[in-house]
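Quick heads-up: it's one chain on its own, the form predicted alone, in structure tokens.
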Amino acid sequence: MPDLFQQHSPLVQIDFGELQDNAPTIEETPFLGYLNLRGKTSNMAFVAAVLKVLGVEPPTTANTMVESGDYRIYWLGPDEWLVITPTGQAGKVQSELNAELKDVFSSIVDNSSGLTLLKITGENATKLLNRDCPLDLHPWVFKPGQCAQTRFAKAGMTIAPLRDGSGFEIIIRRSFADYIGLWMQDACVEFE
């Protein structure tokens, strides 16, 4: 009997390995944890709790992200962040944050089942994304350590340059993943 509750990647049916040699490499990193964290960085108890659990303070500069071990924290707004955890760790991290923040005005919501991450790397990664992303993705303008919320092919995304400068990671809603994946496959015909 098949396991009806087995989790599947939202891009399980798309094979990015069939793209042309000079097309960017597109890889999904499915099943990561995504926690929406809200609080006030002016409240030192909030900052101390986040630092204790994640090993780093939430970024306070607009459109930046920080990393600490296996965790990444994206700035989404003055009092909002997206915390990315390794696979299977979102519940544990959420519980630890809730325990540390129990008397602090804050909110932690697990959005893990609603998001997925794609890495787009290679010589033509920027060219592919520039086909329908309004941001200037040139490395002189959009550098590692920065992030942005924008749109791509009519769908919302959060984007950040990879630390090594080889491309980008984009976080998209699971419900748009199939559409984005097929759109990218079609756009990669340009690189034949």
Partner chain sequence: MLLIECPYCGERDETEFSYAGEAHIARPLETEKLNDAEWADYLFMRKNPKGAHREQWLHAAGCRRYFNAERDTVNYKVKSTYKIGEQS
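All values reported here derive from a predicted model rather than from experimental measurement. Residue numbers count along the first chain shown, from 1.
From this point on, the text means the form predicted together with its partner chain, which you will not see here.
In the predicted complex, none of the heavy atoms of Y71 sits within 4.5 Å of a heavy atom of its partner chain. Among residues of the shown chain, V93 is not one whose heavy atoms approach its partner chain to within 4.5 Å in the predicted complex. In the predicted complex, T29 stays away from its partner chain, with no heavy atom inside 4.5 Å. The shortest heavy atom separation between Q149 and its partner chain in the predicted complex is within 4.5 Å. Site annotation in the predicted complex: the residue of I120, L117, L101, L76 reaching within 4.5 Å of its partner chain with a heavy atom is L76. This chain is displayed alone, yet in the predicted complex one of A45, L162, L135, V56 has a heavy atom within 4.5 Å of its partner chain; that residue is L135. Along 25-63, a non-hydrogen atom within 4.5 Å of its partner chain in the predicted complex is carried by R38, A62, N63, in order along the sequence.
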